[in-house]
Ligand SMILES: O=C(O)C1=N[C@H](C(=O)O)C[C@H](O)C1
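Consider the single chain below, provided in structure tokens and representing the form predicted on its own.
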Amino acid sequence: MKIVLIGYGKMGKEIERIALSRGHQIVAKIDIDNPNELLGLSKQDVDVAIEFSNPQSAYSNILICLEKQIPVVCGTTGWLEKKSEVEALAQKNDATFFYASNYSIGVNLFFALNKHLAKLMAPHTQYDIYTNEIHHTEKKDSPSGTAITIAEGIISAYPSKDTWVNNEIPQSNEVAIWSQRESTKPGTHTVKYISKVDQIEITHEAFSREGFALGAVIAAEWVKDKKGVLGMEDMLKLA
């Protein structure tokens, strides 16, 4: 495939390495120094855009791609208040928008496990819910998109929970996310159910960026010739 990388930081470079190893071509690398180069590309030049930029520019980058009908695989978090607008534009333009808060295959299996566990635990109100996320200090958004997805998975199974809070003592209707930043942590996410007599815990720990980058490239391969608003649940058939 012909891929344009939007965002060429550590994740962009790892995506490039994996894409090249799988036989793909990188036709452009869009970063802070050349953002206007994206405007010159067309769907004839590019099979798919992989967008890992930053919360400030992701929205405009995605709109440009969708207007050109270039399929977008996006992993940037911190801009999701505009996600519904992007999804509507993708549908209107008969374009392709694939979004995941985390592209690790393992994390997405963890999401499914988290939802199933939450469904099992919902009737047992003696348990308090605790979620924790640890990321490297370079991560700009807090809580992480992954942590939000985990909290939303819990909320979907709990009639008594309707929102989440970050680094605050929760009210009875809230799921607490506790966020930490440490220099060497690619990403660790934990969900705990704690009662007076016992504790149930599930954890996913990433060892490197490679799993995230590989998942993004696999998603880019999968979306070719597909239309609409898509995600990891669709690709992994978890829905």
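Quick note: we count residues from 1 along the sequence shown, nothing fancier. What you are looking at is a predicted structure, and each value in this text was computed from that prediction instead of being measured.
One more form of this protein, predicted together with the ligand, exists but is not displayed; see below.
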item	value
Proximity to the ligand in the predicted complex, single hit among Lys119, Lys82, Lys92, His136 (heavy atom within 4.5 Å)	His136
Candidate spot Ser101, Asp141 and Ser144, all three touching the ligand in the predicted complex (heavy atom, 4.5 Å)	yes
Interface membership of Thr77, the ligand in the predicted complex, 4.5 Å heavy atom rule	yes
Pro186 within 4.5 Å of the ligand in the predicted complex, heavy atoms	yes
Contact segment among 84-92, 157-165, 119-127, 101-109, judged by heavy atoms lying within 4.5 Å of the ligand in the predicted complex	101-109
